[in-house]
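Presented as structure tokens, the chain that follows is alone, the form predicted alone.
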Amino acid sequence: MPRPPEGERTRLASAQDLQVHFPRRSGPPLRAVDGVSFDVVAGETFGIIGESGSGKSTLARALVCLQPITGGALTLSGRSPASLSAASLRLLRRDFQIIFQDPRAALNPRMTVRALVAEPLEIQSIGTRDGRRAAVLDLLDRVGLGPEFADRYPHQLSGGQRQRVNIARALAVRPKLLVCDEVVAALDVSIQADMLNLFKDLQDELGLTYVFITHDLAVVAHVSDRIAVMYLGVFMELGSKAQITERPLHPYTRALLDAAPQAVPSYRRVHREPLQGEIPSPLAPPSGCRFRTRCPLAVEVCAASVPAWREVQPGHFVACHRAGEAMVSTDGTDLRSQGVRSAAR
């Protein structure tokens, strides 16, 4: 299914200053997601990347209404889940499904593949019994599993086959948006490429929209149209795939790029600044810029004030007091020579 032109696409999900905090018996709450704003438009793949502990999975669960939000606003297909009745919310959630990281944990070991894939249809009261049986076989075929898999149990499947079953389950109710939370992280590298190609084929065939969450820069760059870089509950940078991977403006984004392996001869490699230290606790995030304790460019203003979330270039947002300074593109070009530094100011 071809994608509609950019101007004709609709917003499927929209977050404004979205917050998810977990209260504790004593002390400050754990601020897992602490104010992120973004839109996901129909037909795109919106990637979210960050280290473990940055709040990606909590954000994923909030997007499909599995985790209540603490503050801000979330709208799905133009409606606020918080304002809907239980029956209306149940219908809305058909359009927004999630696939989790661990394919084994997501499947009931006592159920056959046929029963697992049919379960969402039964819960939502979709179709007749015979219709559901036919739908299960069609879904298995779409994800690359033959009818012989229908009567097997999860322990009889490989990791990649289990994840294909999870994808079939998510597709059963014909969602508009799929949130993919580290869906290839637990798979062998040899299987990851096949799985990513499957997601691309399904998007083209069914017109799906993805929110693709991962810690692997190579994965998110391969599948995404736009990428958000998340750190300690907030977004550091957001832009198109080319803007993030070729012209990064935030030191954290640059550090993630430098940490990725380069399949090029050593004489062609540019200067790399590996990321140092550990991510701070979300119970007590640093003042000002949350990345400042690990940032090679940090100065006094970085501790004194929170950097504004601003659009430096069309569609390219960053939260950094020194965005563009001492930055080079991935091909070694000094971005300041292209006017990025003056634009950032």
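The first residue of the sequence shown is number 1, and the count goes up from there. For clarity, every value in this text was computed on a predicted model and none was experimentally measured.
Although not depicted, the form predicted in complex with a small molecule is the subject of the following passage.
Q | Partner-facing stretch of 296-304, 315-323, 52-60, 36-44, counted where any non-hydrogen atom is within 4.5 angstroms of the small molecule in the model of the complex | A | Residues of 52-60 come within 4.5 Å of the partner.
Q: State the residue from Glu119, Glu182, Asp225, Asp95 whose non-hydrogen atoms include one within 4.5 Å of the small molecule in the model of the complex.
A: Of Glu119, Glu182, Asp225, Asp95, the residue with a heavy atom within 4.5 Å of the small molecule in the model of the complex is Glu182.
Q.
Under a 4.5 Å heavy atom criterion, is Cys65 part of the interface with the small molecule in the model of the complex?
A. Flag for Cys65 set to no.
Q) Do Ile69 and the small molecule share at least one heavy atom pair within 4.5 Å in the model of the complex? A) Output for Ile69 is no: heavy atoms all beyond 4.5 Å of the small molecule.
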